[in-house]
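Below are two forms of the same protein chain, given as structure tokens: structure 1, then structure 2.
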Structure 1
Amino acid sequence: MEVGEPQELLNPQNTTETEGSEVLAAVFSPLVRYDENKQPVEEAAESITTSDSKVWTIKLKSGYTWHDGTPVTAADYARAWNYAAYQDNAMASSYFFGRVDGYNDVHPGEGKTPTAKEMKGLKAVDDLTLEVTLTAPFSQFKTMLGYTAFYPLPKAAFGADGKVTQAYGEQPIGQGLFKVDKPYKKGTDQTIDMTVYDKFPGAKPKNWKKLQFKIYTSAETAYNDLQAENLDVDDSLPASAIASAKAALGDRYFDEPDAAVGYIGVPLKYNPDFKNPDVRKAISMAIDRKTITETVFSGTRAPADDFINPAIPGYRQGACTSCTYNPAEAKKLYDAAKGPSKIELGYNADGGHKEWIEAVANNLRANLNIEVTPKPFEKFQGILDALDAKEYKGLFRMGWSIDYPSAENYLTPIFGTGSIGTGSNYGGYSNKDFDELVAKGDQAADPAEGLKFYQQADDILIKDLPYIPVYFYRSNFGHSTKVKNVKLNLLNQVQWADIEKA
């Protein structure tokens, strides 16, 4: 299996990037997994119930043991989550626990000292029951629980100083399908080796026992290794190989929607030129998404037509009507709304965005008859800093990959008023109706009802276009002739138990 080098040691609560998460997904068994209908179903949990979306009771399945043989208890979950949330531990995933009651006591924010070590909303009732109280109802809480940050930690993970040890990060003890064979020395080791854990109570692979993650720095090299059959599963084929991969791999090549979205961000808070929604609409209609996704991205992206990605429940095909290419209408609208005659398009030069930004610039130049300057920033952070400092007032490239597979995750973090300054609402969009609808969705008694409100909130975004959705990511993966039945879940993690040796 191909993987990039994990950024941090293998500590679930400090891992928010995909590579490390992918490795940890093999070692841990999540509370919920996602079924074919993209719905969360209990995995390590026996049941997850609530009557008001505020107090959640998580019953654990008995029979789960840590790789050192000790049984998994509710206290192991409470301990891990409290550890993650506690400010001074500086865990990257701390914000995932922001909805749990008592989060502000353990994580009061920059410059303030925590007043408690544990969140009061987290209670291990007995060995197999965990009760979670949220600050406010959140109908999507169950969906969140499949994420890396919500894995438990065994007592053995902690050192005398109460911190997760270096040794644990190198050889994590999990309660999942695979046991890590030997410590992974980050920076030195090129593989992470694992063996099926015999006492794992869930589904196990039929006819194989050993799993090896091979770390690659270049996607092209990994693809060459796949072709030479030195690698069995490659779940991030390089764009340069897509055209030939279909022919070379045949039915071993897969192309599926991936939950991430690419936008053109609008600096509503920083530049009044874009205040009029018609200006945004005109810009959106002037972008030829189909050609960009097919030519610039050689088909590895799909034209965006909603704020919610097709991989996630709640997506509606063609929902964003002003995402359809219509240059004539765009020009009319833009002139009537008196849009700015000069536009800058900011992008970070480190992530392969130059080409599609240039293409968008050409579209806008040709269709709106305005001056458009693509403006490279070295890092994405540079754009944000320049926005914050009010030095930069142009449009900017923006991308979003989900934290948990719920429609809500495309709304609150990017467009919620509360996410200005603290979350990822970089444009500074603020709309009362939108915030209210999202809150109604959060408070809904069940996820399906919640989704209705999220879609209504989505409708407001489509009308307002605070950002301009341009493309949906797709995941392109392939496997060797030695294995079959390779599938990815909603988090783009390989479903190991399903794979069979061919």
Structure 2
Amino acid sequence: MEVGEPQELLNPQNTTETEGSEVLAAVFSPLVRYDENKQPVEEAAESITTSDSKVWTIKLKSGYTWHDGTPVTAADYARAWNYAAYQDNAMASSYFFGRVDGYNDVHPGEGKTPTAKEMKGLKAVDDLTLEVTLTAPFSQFKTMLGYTAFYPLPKAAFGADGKVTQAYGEQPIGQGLFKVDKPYKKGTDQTIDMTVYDKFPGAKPKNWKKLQFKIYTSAETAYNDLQAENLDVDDSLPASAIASAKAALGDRYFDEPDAAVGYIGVPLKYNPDFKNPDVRKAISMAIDRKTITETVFSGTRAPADDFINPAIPGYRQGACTSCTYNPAEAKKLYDAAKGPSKIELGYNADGGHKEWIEAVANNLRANLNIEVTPKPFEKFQGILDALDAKEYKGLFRMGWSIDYPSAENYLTPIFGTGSIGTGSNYGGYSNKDFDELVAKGDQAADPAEGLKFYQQADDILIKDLPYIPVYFYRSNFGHSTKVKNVKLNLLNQVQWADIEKA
């Protein structure tokens, strides 16, 4: 299986990007998965119930064990979630626990000291029962629980200092389908090797036991390996291959709907050149999305016209009027707003983004009469690290694959004020009205009512354009002749138990 290098070691609570999440999804079993209607269905959980959307009772299935043979308990979940939330641990996923009662005690914010190490809203009632009390009702809490951040951690993950050890990050002990064979030395090793865990109580592959993730820095190289039968599964076909992939792979090529969004990210908080919203609107209107999706991606993407993908309830066709190509108006607006005469466009070269970033650069040069320089980062990790460190001040390529199927997931993790620093809000966008509308959506009595507030929050994004939506994804993946029945789930992760040797 092809994968880019994970940004961090393999710690679920510190992994919020797609490459590391893909690997960890093989090692852990989530509390819920999602059915064809995008509804959460219990997986490692026996049941998840609530009477008021505020207090939730999670009953675990019996029979799950860690890869060291010890039973999985409710305390393992409480331990992992408290560790993620505790401010001093600086876990990337901490904001996912912001709705749990007591989060502000363990994570009071920058410059403040935590007054507790555990959230009072988490309680292991017995070995298989976890009670979660939120600060306010949140009807979609169950929907969140399929995400990487909500995996449990065994006692063995922690050292004497109470921190997750480096050894654990290199060879995580999970409770899922695959056991990691040996420590993974990030930056050196080119593979992550695993074996089916015999005591896993869920579905297992019929006729194979070994899984190897191969780490690539070039999508083109991975695709060449797929064609040469040196790689069995490639879920990130490069844009340059899509036009010919159907002919090359035949029925081993797939083009399927995907809930992800591709953006041009804006370092709003860190570069005053982009502070004026008219500059961002002008850049957006200067991008010819239709031509990019039809030519660069051979029709396997769709022009983005909202911050919410059409695959998820809440999308509104044509909502983003500034996403309509209008080069004349873009030039007029850009000149009036005194936009920068030089722009750098950062992107990761390991994900097949070169072609469309260069197309955007050409649009901006031609339509705004400015100097635009694409800047490749060798690995996705490189640009994420530069953004985390607030070192990179140019516009940047960014994408968002959903963590769970909810309109809210296109809002809070990327644009919420609480997601700056420890979340995925790489631009540093902060808007009090946006935060309040999302909170109202969270606390609504039912999902339909909540969606109205999420769409009002979406309206603020459309007005502010903290990121510039460019295209809606489709999943373009393929496999070798050596395997069959390859499928991706809603989170774009391979369904390993379904695959068979051909």
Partner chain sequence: MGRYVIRRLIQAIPVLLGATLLIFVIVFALPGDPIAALFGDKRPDAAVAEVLREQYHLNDPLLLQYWYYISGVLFRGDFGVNFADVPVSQIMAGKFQVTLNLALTALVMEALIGVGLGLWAALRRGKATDTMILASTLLLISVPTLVTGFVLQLILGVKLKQWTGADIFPVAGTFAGWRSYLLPGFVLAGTSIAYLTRLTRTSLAETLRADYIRTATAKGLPRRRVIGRHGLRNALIPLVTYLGADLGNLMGGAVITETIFNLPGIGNQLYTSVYLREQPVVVGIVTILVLIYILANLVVDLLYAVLDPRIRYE
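For the two forms, the rigid core is made up of the largest set of C-alpha atoms that agree within 1.5 Å on superposition. Remember, predicted model here, so these are calculated numbers, not experimental data. For numbering, take structure 1's sequence and count from 1.
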Correct structure when looking for the form predicted together with the partner chain: 1
Residue shift check between structures 1 and 2, rigid core fit, Gly250 Cα at least 2 Å: no
Large Cα move at Thr50 between structures 1 and 2, threshold 2 Å, rigid core: no
Rigid-body rotation of the smaller part between structures 1 and 2, in degrees: 33
Shift in Å of the C-alpha at Lys393 between structures 1 and 2 after core superposition: 15.5
Rigid-core-superposed Cα shift at Asp442 between structures 1 and 2, Å: 3.4
